[in-house]
Each structure stands twice: as C-alpha cells, then as structure tokens.
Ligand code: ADP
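Okay, so here's just one chain, in structure tokens, the form predicted on its own.
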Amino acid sequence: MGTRGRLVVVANRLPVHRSGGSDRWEISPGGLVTALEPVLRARGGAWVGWSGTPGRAPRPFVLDGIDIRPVSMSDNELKLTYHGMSNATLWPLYHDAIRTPEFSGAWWSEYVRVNQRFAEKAAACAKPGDLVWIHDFHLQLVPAMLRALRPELRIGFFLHIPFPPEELFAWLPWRREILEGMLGADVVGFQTRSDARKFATAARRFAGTRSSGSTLRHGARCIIADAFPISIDFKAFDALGRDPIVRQRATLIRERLDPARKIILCVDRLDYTKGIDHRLRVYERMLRGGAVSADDSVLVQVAVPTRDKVAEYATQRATVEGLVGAINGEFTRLARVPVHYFSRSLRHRELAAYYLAADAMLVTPLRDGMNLVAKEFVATRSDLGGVLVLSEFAGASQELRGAIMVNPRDEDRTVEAVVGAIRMTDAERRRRMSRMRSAVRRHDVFNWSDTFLGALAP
C-alpha cells in the first residue's frame, strides 16, 4: 500500500457515539471501525458521516487522532433517504427482492440531495494525495459526485450488501444513475466474485461500459470491480475464546440449560433477510418428528431489534415471536423450554460465551452479503468445538468450506443438516472447525483493508 496521503473514510455513520447521553464522544464498536481505525491512526485521516442524531451536525473535532467530520441529517431526510430509499427500496431489491421493494420519486430526490452533501463534505476535507474510501448502499452516488468536485483524488467504493442480478437491478427507475455513481470510483469492491460479475453485467447493459476480467472501461476511465470479502478481527475473538472468565460463563450457560441438552445457537438482526422464521419451522419439524425433544435439545435465538419504524420489520417480529410462542406452547416439558428467545443485543463477552457453549451454530439467511456472525463463531472456537450450519446464500459460504451448507428454503434437508450437526463425531467436528479457523485467520479484517487499499493506492 502506498505511503503518501491520508485516508478519508465516507460512511453513513461516524465511528463515534456519545457516551451515556453526555457530550463526551467514544469510538464505537464494529467491524468497519475495527478495520479502519488502525489505518487512520497510522497514516492520518478523516471520517465523514452522520452522528446518529437528527438536526444540525456537531462541529468537526478530533478524537484519538481521527479527524471527525459530521454530516447533518434532518428528521425528514432520515425518513425519505434512510427509511425510504435505503431500507424500503435498495435493501429489499439488493437482497433478491425477498420483500417487494417500493419506488418513490420523492425518496430518490432526497437520496440524491443527501449524497451530494456527503460528497461536498468529503471534497472539503480531502487533501491532495489522499485516498477516499466510500462505503455501502446509502452512498452509491457519492463516488461520481466527489470525482466531479475533486477529479484528482483516488476514490474507492465498497458495497457491504449483495449486488442483485441483472433482472432485478433492471427494476430500478434510477439504475443508470446508480451505476454511474459507483463507476465514479477507481476501485469498486464487493463481497463475492459473483457480485462483482453481476455489477459488470449491469454496467455493460445499462451504463455502456466495456469490460475485460475485473477491469471496466467507462468513457476514458478504467475501473477495477472485484471481490474483497470483509472479515473480522480474528485475534480479538480468538482471545475471547481463550479468556478464563468467558469460558467460565460458557460453562455456567451450559449448566443452566442442562449439560445433557444440545445447544443450537442463532444470532441475527431481526431482519426478514435472515430466515429466522424458516429456521424456527425447521426446529419445530425436528421436535414434531422426534429427532430431538425439549429434554435433549434447546434452540437459543438472539434476535437484535432493528429498523422498528419500518412496517415490514414490525411484521417480521410478530411472525417470529408468534412461532416461538407456538413451539414453546406445544413442546415445553416440565422445566424444559425448547426455544429461548432474546429480543435484544448481547454484550461482546456474553455473546462469546454463548458461541463457546453452543454445540451447533445456525447461520441461515435467505440472502446475505457476508455475515460476520459466522466468522465470529469460528474465531471464538479455539477449542475446535461446535459445528457451523451455513446458508449457501451468505457470502461467508465462499470461505467457510468446513461448514455444513444448506438451502434455508429447503426445510427437509435443513432438518437433516442440523440433526447431523448435533450428532457429528468429535474428530469430524474438529477437522471442520480447524479448516474454517485457518481461513478466517489468514483473511482477517486487516487483510481486507490492506488488500482493498493496496488496489486503490496509485
């Protein structure tokens, strides 16, 4: 990676949050911040993003050596761009239209306006020789807008969610504008090679680009469009898995759930793309068919609430909680509840303890760009215990070849896979987990950022 110039990160959210409602700012947890904070510290740089509070943006400030550049967002802009264009149009469309996307000219107009504001803020703080790295579907127009303002900059864009196939992308009334926005970057990154190919196909059809391998030609410019799969801080999760306090907590969890029971763990945001309802029906089939009982198994579902103001998410929550209630109502035995359901997030160390306690981890989204929970589980299991059952429609399936792969819509075969996971021999389990841990160790979050910035640096 080149050494000249700083790194300017442009993302929907800033890497900081106010501490306990006070005026004091703290660095936020999360994979993107974990990956980029050391780079920003090492080479200097800025982070452009929204503070998380509607209204006027705070003044720019420096925290831990990072130049923080807040962008303002009004309540109405949040409603139209975040809840509307981003989460009711782009999110469902890019996730294979699992829910029918909505299209609104008013949402689009505001999306353009807000993207322009982010571009102007980035242009104002970028210095000659800086690298600018723009992130995710909220800001797909920013690369071209920034290039119009600062054509000399090296600009990268990374899409954290899947890119849809040509037939679905064609639904977008603003498909050409979005493609041309992304093509303003010098490097456009995706989670998988399949996503990069889909983008190239759409760019050829709707934006008139030509392509050769991972290189696209758009007008007089050449753009790299390739896979740069995101990852996690392997060493941090591995250390959690070895921490005596975390291990003690994992033992206590197993004791309270009964060491004789097989623990099947699921951790997701409460999003309709995650396939939580399909997964609950799979466990219900296992109980009804006699493959397991509440005496010898328990499913622990952690479902973190998200986007509560969007009607689809309220409906999904009601569906999931209805299934949990129905399963527990029918199959609970004395002091043996088959499904333990948490509608909240767990602290990092508590989550690591559940990872360690689990006999099997089910990560079965209907569609997912990557899914870092699968990698966290693998990195935490320094004991080589636990089996991962993974959807073939998660980006992580391209790397975690030691998992048992399933099509989450095929509930019959998913039942067979989960039963096989909890009955797997120790030797087979250790072999599979060792293989996956090697993959995550080699390709951790720091390798991800180094690889992308290496492609971007002149």
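All residue numbers refer to positions in the sequence shown, first residue = 1. Given the structure is predicted, the values throughout are model-derived calculations rather than measurements.
Keep in mind that the form predicted in complex with the ligand is missing from the display, and what follows is about it.
Proximity to the ligand in the predicted complex holds for none of Ser51, Arg69 and Trp133, with the criterion being a heavy atom within 4.5 Å.
When you look in the predicted complex, the only residue of Ser293, Ser74, Ser214, Ser345 with a non-hydrogen atom within 4.5 Å of the ligand is Ser345. For the options Val304, Ala97, Leu287, Leu149, the one in contact with the ligand in the predicted complex, meaning a heavy atom within 4.5 Å, is Val304. For the ligand in the predicted complex, the listed stretch (372-380, 221-229, 201-209, 240-248) containing residues with heavy atoms inside 4.5 Å is 372-380. Residue contact check for Arg281: none of its heavy atoms lie within 4.5 Å of the ligand in the predicted complex.
In the predicted complex, Leu351 approaches the ligand with a heavy atom inside 4.5 Å. For the chain shown alone, Ile263 is not a contact residue for the ligand in the predicted complex, no non-hydrogen atom being within 4.5 angstroms. For Val267, a non-hydrogen atom is located within 4.5 Å of the ligand in the predicted complex, even though that partner is not displayed.
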